[in-house]
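Taking the form predicted alone, here's one chain by itself in structure tokens.
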Amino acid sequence: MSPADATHTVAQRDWQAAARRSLWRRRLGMWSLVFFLIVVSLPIMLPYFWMLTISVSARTGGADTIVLWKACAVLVPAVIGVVLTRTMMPPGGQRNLAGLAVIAIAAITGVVLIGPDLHANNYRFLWNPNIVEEIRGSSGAGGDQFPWVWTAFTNSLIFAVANTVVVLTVSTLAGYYISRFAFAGRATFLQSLLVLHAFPAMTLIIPIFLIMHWAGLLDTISGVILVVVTLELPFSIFIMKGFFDAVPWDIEMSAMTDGASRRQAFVQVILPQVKVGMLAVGVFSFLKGWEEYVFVRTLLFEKSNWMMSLYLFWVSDDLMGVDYGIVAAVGVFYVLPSLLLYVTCQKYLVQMTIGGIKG
């Protein structure tokens, strides 16, 4: 072997060794990051696992601690396994099969360990409108008649959908106008949007209560919608303005040069470019409306106007020491729409970027 060939061979080996070391460092860094995220996520996941387990296993009078720990011993490794398969394996059929295998193993293990303890009796409030009153009566608790949970669910759904529609429509139109047109006081207006969003909502409860009373909107769902929409719009407008800033002006000009009106260019050219931002604002607006409690608790009094957040509060207050299962089941029912919405839209939410925001 010539000296040149020997030098080349040594250099090739050095490059291969360096590549292997780099690969192991990347893998170690990835595994360390995943392990850290799993550890810090456990305190967040465990209460939800416990709530789900109590809702399908607790009997009247309390919850079985052994069942809770058995369920966590099944659910926590299952969630970790699914996260690891989706994080560490490349996309494709093998990753999907691995995830299904983890879920299947967890399901079989759960049936063996806690299957005999599971039941749906705690969810009878969904088809029995008087079950809460019956439990309260058996415990000696008094008070006013509880509305049926579907009344609160319908009110919350109407409130969340109306909040989403109004916030998304107004913030999209306002964000487009602020992004595309120059007007006197534009910079001051943008700064005011952030300043308005900076004030804690709790400081506005008394003046808002008085305004709603004078306007005749107290104890009405439409009044609460107006309050929440007003508080959510400044930040939503600022977000949508950032998405419109990221869309080149040339695209809109080209469409209008080809004969499209400004409205046609806006609807057919610009809106498809900011659909991720619209989806994000819509999802966050829905979640805000669905979980709203402060103004619901302050501005609504009639039982027929109760929403799920208020219903859960009173059920927890009256039944927590009497029947944990019903309280946990109502909590699961309350969380379910938000969870389904997030799971459906998470692929688009992770794509959200504000872009370059110009002043």
Partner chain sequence: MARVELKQVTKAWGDVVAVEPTDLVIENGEFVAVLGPSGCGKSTTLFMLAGIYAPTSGAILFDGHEMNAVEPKDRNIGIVFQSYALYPHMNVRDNIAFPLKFQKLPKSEAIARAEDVARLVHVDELLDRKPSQLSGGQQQRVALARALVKQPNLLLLDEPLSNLDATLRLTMRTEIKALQKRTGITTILVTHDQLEATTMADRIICMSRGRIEQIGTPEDFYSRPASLFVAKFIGSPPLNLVEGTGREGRFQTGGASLRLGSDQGAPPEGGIVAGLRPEMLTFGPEGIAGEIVAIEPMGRETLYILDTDLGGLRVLESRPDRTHTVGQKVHVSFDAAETVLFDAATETRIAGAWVAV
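Positions refer to the first chain, counted from 1. Model, not experiment: these values are computed from the prediction.
Not pictured, yet referred to below: the form predicted in complex with its partner chain.
- Between its partner chain and the residues Gln191, Ser222, Ser254, Thr203, the one pair within 4.5 Å by heavy atoms in the predicted bound form involves Ser254.
- For the options Leu233, Ala174, Ala260, Ala73, the residue carrying a heavy atom within 4.5 angstroms of its partner chain in the predicted bound form is Ala260.
- For the chain shown alone, Trp249 is a contact residue for its partner chain in the predicted bound form, at least one non-hydrogen atom being within 4.5 angstroms.
- Contact annotation: Asn96 falls outside 4.5 Å of its partner chain in the predicted bound form, judged by heavy atom distances.
- Contact check for Val82: every heavy atom lies farther than 4.5 Å from its partner chain in the predicted bound form.
- Among heavy atoms of Pro272, some come within 4.5 Å of its partner chain in the predicted bound form.
- Only one of 195-203, 120-128, 234-242, 262-270 lies within 4.5 Å of its partner chain in the predicted bound form by heavy atoms, and it is 262-270.
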